Structure formats: structure tokens, C-alpha cells
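Shown here is one chain on its own, the form predicted alone, set out as C-alpha cells.
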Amino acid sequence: MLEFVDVEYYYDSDMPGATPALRDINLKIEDGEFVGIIGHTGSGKSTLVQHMNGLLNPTKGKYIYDGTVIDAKSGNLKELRAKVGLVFQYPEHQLFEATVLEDVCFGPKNMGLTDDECKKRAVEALDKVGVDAKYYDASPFELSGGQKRRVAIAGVLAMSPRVLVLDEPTAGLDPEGRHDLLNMLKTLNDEGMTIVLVSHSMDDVAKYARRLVVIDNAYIAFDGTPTEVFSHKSELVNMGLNVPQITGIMQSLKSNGFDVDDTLFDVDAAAESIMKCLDRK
């Protein structure tokens, strides 16, 4: 379990008038959850997820993983990072080895595993993300953007994390690549891995996440199911966000007198609600 207790974080905290990037953060993420984190640019969501594997440490308050307070002074960051994997936006920028297989082996090697175990983990991770064996000896820099993204994620998965935190992982991908990547995350979650997904796409988080956390001006504004969070359309719009496209259509129909369910964000469910409404007329 990940837990934030009264966390505040300041960049340049020793400077006069420093503004908090996070303020009064109290949050628990249980094992096996799929959590979406949304917020406008500069809201604090990337700062929040960088605490999750110890890249940043709270200025005030506590961050706790599995009952252990994480503190740079206590020397438990290496253990944390083996359990909580963080994938940055444009993770292909992290690729640097000569071949795909060598790149994915890098993390396990740093954990002190044998060459055979490193290769075993790398092959398993590449298989999970759908990278064919014919690419193992290829340079990662010769791959397509979507393939590079998969290899970078495989490099994190090869360390066998229990939690996978991803900061805008679909940025720059075409619709097919985005669909494939998100379905892969759903599969990992179905297998028991905790997924924390930062995204600007309301449609993506509505479809895949079972819980949403909304960050606004360093605070947690909302925390609940997608249905609960997207019921706050006017507040989200004031924060520079919106609701999923389908939800917006259903809310417009509702406001124009159609007896439809305006909390829906699934196309098939929305179509069924509209058909029932028309049948009643």
C-alpha cells in the first residue's frame, strides 16, 4: 500500500515566498488498484508521483510504502524503487544500451542478479509488452515510437515491481498505440499489479481506471470512482479539465430534456440509455 500522510512539498523550500507544489496530501492506494491521476498542467500531479518511488521526499509529512516510512536518510530508497517502478513521460528517452535485450537487462543487473536471471526477466518483460524476439538484438533507437515505449516499460517491468506508476505514457502515440498500451496496463492490473496512471485524457482514465484522484493547485480536489468524479463537471471545467466526450454528450442530452443517464462514459452503455429513452417517447 502507498500512503501519504499530511504531505507538503516545496521546490526551493529555503527561498522566501516559496509556493508549495503539494499541500495537505492525504492519500492511500491499496494493492491491486488501478488509479488515474488527473489535473491541469502545473497542478502537482507529476510531483506527487515522483514521491511514489522516492525521487522526491516530502518537505513535511510522511510517505509510507508497505508500512515503512520512506526517507532518503534511512537508506531504503533502493528497495523501494525495486518495488515501485516509475515510467516517465516519453520513457524512450531513457533508452541507451546497444540492443533491446541489453537495455531491458540493465535494471535487473543493477539489482545484482546473475546474467541468466537478468535475461530471463528481460525476455518475460518484453513478452508482456508485446515486443517480438526478432527485435532483441536490434538497436532500440531503430524502433518505432510505440515500440520504444514498450521497451522502456519492459525495462521497468524486468525489475518485477509490485506497483507501476506511469506519467503520461500515451503522449505522442497514435490511437492504435495508445489503445494497445492501455490494454497492456489493464492486463497487468488484472494479474494483480497496482497501476497508477497520470493522464490528460479523460476518456482514457474513464475507461481504464477504477478510481480517480483530481489534483488542483497542489491539493486533492476529488477522490472517487469515475462516475463520482465526472459528476462534478462545472468544478472540473473551472480547474481546466473536462469530462469524457461521451459523458459530455449525455449531460447535454439530459439538460435538453432527454431522460438519459448522464453519468455514463462507455459508448455501448450510452447508446443503450439513448435507445431506452427513445423507446419511452
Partner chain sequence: MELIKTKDCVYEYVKHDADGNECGKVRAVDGVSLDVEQGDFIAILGANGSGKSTFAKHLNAILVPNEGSVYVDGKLTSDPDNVWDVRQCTGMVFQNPDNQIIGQLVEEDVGFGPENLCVPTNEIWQRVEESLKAVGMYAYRKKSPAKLSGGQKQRVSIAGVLAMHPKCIVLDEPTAMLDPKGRKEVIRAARALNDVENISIILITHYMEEVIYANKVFIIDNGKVVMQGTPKEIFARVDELKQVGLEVPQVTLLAHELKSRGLNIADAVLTEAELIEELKKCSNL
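Note that the coordinates shown come from a computational prediction; the quantities given were computed from them, not determined experimentally. Residue numbers count along the first chain shown, from 1.
Just so you know, the form predicted in complex with its partner chain exists too; it's not on screen, but the next bit is about it.
- If you check its partner chain in the predicted complex, you find no heavy atom from any of Asp31, Arg121 and Ala133 within 4.5 Å.
- Residues within 4.5 angstroms of its partner chain in the predicted complex, judged by any non-hydrogen atom, belong to 169-177 and to none of the other stretches in 104-112, 169-177, 185-193, 151-159.
- Checking His200, Arg210, Lys83, Lys128 for any heavy atom within 4.5 Å of its partner chain in the predicted complex turns up a single hit: His200.
- This chain is drawn without its partner chain; in the predicted complex, the residue among Val214, Leu253, Ala218, Ile70 with a heavy atom within 4.5 Å of it is Leu253.
- Interface membership of Ile274, defined by any non-hydrogen atom within 4.5 Å of its partner chain in the predicted complex, is confirmed.
- Contact annotation for Ile249: at least one heavy atom lies within 4.5 Å of its partner chain in the predicted complex.
- In the predicted complex, none of the heavy atoms of Asn57 sits within 4.5 Å of a heavy atom of its partner chain.
- Contact annotation for Glu142: at least one heavy atom lies within 4.5 Å of its partner chain in the predicted complex.
- In the predicted complex, Gln89 is the single residue of 71-89 with at least one heavy atom within 4.5 Å of its partner chain.
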